[in-house]
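One chain is shown next in structure tokens, namely the form predicted alone.
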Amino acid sequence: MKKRLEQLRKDALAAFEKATDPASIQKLETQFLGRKAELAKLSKEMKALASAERPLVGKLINDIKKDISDIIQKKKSVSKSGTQSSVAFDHTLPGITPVVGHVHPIIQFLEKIEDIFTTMGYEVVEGPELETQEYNFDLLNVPEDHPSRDIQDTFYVDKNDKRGRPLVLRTHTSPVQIRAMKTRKPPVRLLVPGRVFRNERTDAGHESTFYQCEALVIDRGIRVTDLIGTLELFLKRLYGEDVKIRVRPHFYPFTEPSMDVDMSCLLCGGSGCVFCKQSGWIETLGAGMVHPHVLVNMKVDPKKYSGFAFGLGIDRLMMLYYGVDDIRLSYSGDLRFIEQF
């Protein structure tokens, strides 16, 4: 695969060197960076590689994307500067500084997380925000009469699935894991980012709409120690080697055993503030070993394979990273906040 990727880099750079007009540049951009491009296909083939090769191949793919993006920007700027206008222009008029947008801080932070996990060999997958109750609850070991639905029931829409039950705005990105396993076999390492919806009471640390990132690992001999080690490595790469964490037992119907992982509040240094509710600790993520019932629903034999899963609240982690003290600022549309990032 490395030879194919290197050849793809050479072909792309050579093609862009010959492109001079905007139409050609746009066509080549779609050809090499589009969803159906060869580079996208090679990215999907990473799951077939050995675990030791995936980080190296993932980094190479990211480097190639950057090289192609850089030459695209360079070509576009040269193309624009060389365009001649036939319209008379008064060069004595004062200039107008254009307003240039940028990536939202939540998406910036989500990309940081994706970079960490892709170098660890994880494949990024996405799925629909409007889900069936089967995928959002049933296949995740949460039947209709399960009490845990009381804290996860969310917004239903006026449209039914094939079984006559209302569709639901997903409460987590876990349904994407079930969907992804329909076309994959172990070993797998998946990262599932996306927007989710909960019937939450809004305050400084909670919102009804927020971003989540979940992970799923299934292989032979996966243990709880692998899960804790992965989470510790991730948090240290994200926040630095001095980050403090603690693990608490918890209950999640789709994992057994289950746990919550907390980290010391970086906004107050652990002394207590409104964001951490004066505790000095922030509930960072939930995790656990994949429940055997869920493995069976994924068509995976729990006697041969085991796995772990965990979910991250992107909004909260972003707030800790940048020192934001109110989750509602991210969705306020206030440019005074957005333009700081």
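The structure displayed is predicted, hence computed values, not measured ones. Position 1 is the first residue in the sequence shown; the rest follow in order.
This protein has a second form, the form predicted in complex with a small molecule, left out of what is shown; the following refers to that one.
Enquirer: Can you tell me whether Tyr252 touches the small molecule? I mean in the model of the complex, with a 4.5 angstroms heavy atom cut-off.
Expert: Residue-level check for Tyr252: yes, a contact with the small molecule.
Enquirer: Though only this chain appears here, would Glu283 touch the small molecule in the model of the complex if you measure heavy atom gaps against 4.5 Å?
Expert: Answer yes; at least one heavy atom of Glu283 falls within 4.5 Å of the small molecule in the model of the complex.
Enquirer: Since only the chain is shown here, I'm wondering whether Ala287 would be in contact with the small molecule in the model of the complex (any heavy atom pair within 4.5 Å).
Expert: Answer yes; at least one heavy atom of Ala287 falls within 4.5 Å of the small molecule in the model of the complex.
Enquirer: Examine Phe310 and determine whether its closest non-hydrogen atom to the small molecule in the model of the complex is within 4.5 angstroms.
Expert: Within the cut-off, so yes.
Enquirer: Quick one: find which of 179-187, 106-114, 68-76, 209-217 has residues within 4.5 Å of the small molecule in the model of the complex by heavy atom distance.
Expert: It is the stretch 209-217.
Enquirer: In the model of the complex, does every one of Thr118, Arg237 and Leu320 come within 4.5 Å of the small molecule, counting any heavy atom?
Expert: Spot residues vs the small molecule: no contact at all.
Enquirer: Counting any non-hydrogen atom inside 4.5 Å, which residue from Glu126, Glu232, Asp138, Glu200 sits next to the small molecule in the model of the complex?
Expert: So the residue touching the small molecule in the model of the complex, by this definition, is Glu200.
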